[in-house]
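For this one, two forms of the same chain are given in structure tokens, first as structure 1 and then as structure 2.
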Structure 1
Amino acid sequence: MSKVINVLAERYASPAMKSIWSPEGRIVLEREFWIAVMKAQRDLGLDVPSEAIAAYESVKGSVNLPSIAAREEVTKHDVKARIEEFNDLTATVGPKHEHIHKGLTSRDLTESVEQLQVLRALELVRLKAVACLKRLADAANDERDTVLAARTHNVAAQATTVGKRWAMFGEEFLLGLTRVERHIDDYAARGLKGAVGTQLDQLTLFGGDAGKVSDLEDRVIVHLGIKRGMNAVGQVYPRTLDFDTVSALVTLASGPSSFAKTLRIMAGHELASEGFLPGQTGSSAMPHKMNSRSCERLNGFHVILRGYLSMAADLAGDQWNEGDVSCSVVRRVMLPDAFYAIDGLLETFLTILNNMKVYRPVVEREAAHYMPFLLTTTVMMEAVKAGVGRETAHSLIKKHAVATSDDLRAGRISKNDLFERLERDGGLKLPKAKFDEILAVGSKEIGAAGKQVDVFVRTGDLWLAKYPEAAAIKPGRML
């Protein structure tokens, strides 16, 4: 029988992200967790022999998935199967031991390990996002002064710069990065709460010593690397925490998705491209095509993430009593795959940023074609300063702009002569010299665009200074 693969993991995710969520990696994390609990229990007075801990440590990396699966076929309980497997492995290095999972319920184990996986995955996502942010800031700086015909409602509006456009999408990306950072800082561990959240079994083990039970939980949370623990939870931690996790990933993905969609539009007008590698083929039928396939893929990842957010939303607020496992099948898919999707998205984003091109001559031609239209708000403000009513000026400019646009579209004229028409009309009370000045200055100095790019570039530098290891992040091989 052919092996069924996880497409997100095998085709798009990086080895580092797959390692966090792989079945083998998870089992090793579980075993390390059991060992950490045993060590803490021993230190707090329980009878856990040092040779037992040593035996468990010596075999924690021996992962036999078929053997565990065979046990689960019998027990119909995944955690019980893994307990039996780990205990029996100690018999391969000496006498068999049964010291793991004392006072624990399955959710003490699985919830804790899943939270550890989430936290490690979030930290990897943050690092890759910082790498993308820095590269986007560099791209914005490269095109800081490249004047572009900006569009609202996909219609030419005012002048901007390519760098300012990149910084605009970077600003949204920053919202997502900040959201991920805040979520990591606020992330809370469920801890060791027992079957229904009362810690009854741990209290029984320690003879009712609540101080030792609290100390045990604190040590476990330190092992997980999580900054704080939850207090009064049931068998499971609130699934709103999973919703916050996936929501943070969607927020992070949104800036790159808008960027990719706009780059696709720009590529269609030959203003820019995501790059085209040697040997790459855009179409099996049309040899000239150079599709924005990576941008399309990135937009697809955003759709996938929004789907997982819907799944997370359905679990939030759906807890019965102290907990149940109806969420289990959803979370087994949702959590790892959401991280595979954001990982693939960031890998793709970084690849695009490394390879994309801006075709300045085409950008300049388009800007020159639209420039009189792009400067109509400046003309209107100058007319107001000359004593013309704002609405009067607006109406007059609109009349001539529409006529000019119609003539250009019909081929009756080849050059945008809006300013000449406005000057001849005379209703704006502006001399030819003023129109010449508006055109000369307005086509070079684009409001606060340059300063906004500078602030964005400095922000990228600050994030890189905070996480310098991001500088070494390189995208992997992309299909």
Structure 2
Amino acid sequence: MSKVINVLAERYASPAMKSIWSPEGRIVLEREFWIAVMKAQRDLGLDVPSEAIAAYESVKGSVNLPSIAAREEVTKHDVKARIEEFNDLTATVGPKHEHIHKGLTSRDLTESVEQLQVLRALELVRLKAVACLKRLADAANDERDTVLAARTHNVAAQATTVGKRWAMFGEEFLLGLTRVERHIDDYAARGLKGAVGTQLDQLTLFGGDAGKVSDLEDRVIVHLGIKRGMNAVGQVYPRTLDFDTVSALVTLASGPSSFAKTLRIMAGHELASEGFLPGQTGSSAMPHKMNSRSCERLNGFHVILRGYLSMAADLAGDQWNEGDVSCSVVRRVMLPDAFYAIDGLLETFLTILNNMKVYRPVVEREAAHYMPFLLTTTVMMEAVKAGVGRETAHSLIKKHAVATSDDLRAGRISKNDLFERLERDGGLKLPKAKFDEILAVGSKEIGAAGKQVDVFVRTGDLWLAKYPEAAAIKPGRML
């Protein structure tokens, strides 16, 4: 029987994300951790020659899984096998060195490497999110002034613009991006705390010199590019930190998810679509179909992330004493899979943003159809200015609007004639010219919509300026 593959990784995630969580990627991070420890030990006066560090650096990318597996068969110890492999690799570029893993326990290694995986993955997510943000801002700018019937409760409300709608989802996306940024900034390393958190082994190594142990730890963390270290932990870092990570991913996923739901609804009205590439087949049975499959998939990823959130939430606050491994199997699944899911989601989002289409003629026809309804707020305000009671005006407009709607639905009329009815009724005390003016102005000037788009575009530019590598991000091929 063939190996069962991880669907999220193999179907949806990018090579960059897979490499962080793959066996190979983990080994590279482990080696980077060992190197960071050696550098710190050298800085503190331990005998670690710089050429040894250079040698380890030069071979850290040579990962040979079968060789490591063969060593493990002999040593019966996974960490030991990987230590020997790395030491022997230095012999391929000069004299062999044996300077790694001094004074470390297994947990010092594994907890740290898992934290590195999380942090590197978060940084990749942030970069990809900035790429999406920029693309969404461009899309908003493209449709900055395309007047659209805004909908609340999924029915026409007032006028807005397509660009403003995109900016609105951008605002939600920014909540998530900021959250991820904060989380990365605050992400603290467990450090070298030993089997139950008392640094027993490190202190033994440094002859009980607590200052040096503390210094060593700080330096290792700096070498790893982490900004803070934890103080008092047990066997493990608090799993609440994992909950914090996954909840940041859910926050980030929410703006795109709202966007995708609305795009699916808009596609149902043929106002816009996620695009349909020339060679694409919507359905093998129904040749005419052009489906919102990417948007649907994006929403699916959001559901998946909430499932991993549930797992993360169940681990947080469930530590017994100095820790145990009831979290182990959960974290093996939840951590990589949550990152594969957010990665797939962002890949999908980027693909949608690159290919989506707005059908302006349909948008215009719909806006025109509903325009008298969209402007009832303004009509009501003008009627009040003209001396009509607010509630009288509301009631009169409602009566005619409902009747107009009924007639349109029944096919008795084909054009929205609400303004003509209101004028004929006379109860609002507004002349035809006023109705014409309301219509003329109201169907073009859409409040602060344009300004909000501009602000959003500038915000996108600021993020891109901070993370310029995001400009080069391209989505992979969608299955």
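Residue indices: 1-based, along structure 1. C-alpha atoms forming the largest set that superposes within 1.5 Å between two forms make up the rigid core. Owing to the predicted nature of the structure, the values given are computational and were not obtained by experimental measurement.
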| query | finding |
| --- | --- |
| Identity of the form predicted on its own among structures 1 and 2 | 1 |
| Rigid-core frame, C-alpha of residue 453, shift of 2 angstroms or more between structure 1 and structure 2 | no |
| Displaced residue check between structure 1 and structure 2: residue 106, CA, 2 Å or over, core reference | yes |
| Post core alignment: residue 439 C-alpha displaced by 2 Å or more between structure 1 and structure 2 | no |
| After superposing on the core, C-alpha shift for residue 44 between structure 1 and structure 2 in angstrom | 3.9 |
| Rigid-core-fitted C-alpha displacement of residue 53 between structure 1 and structure 2 (angstrom) | 7.1 |
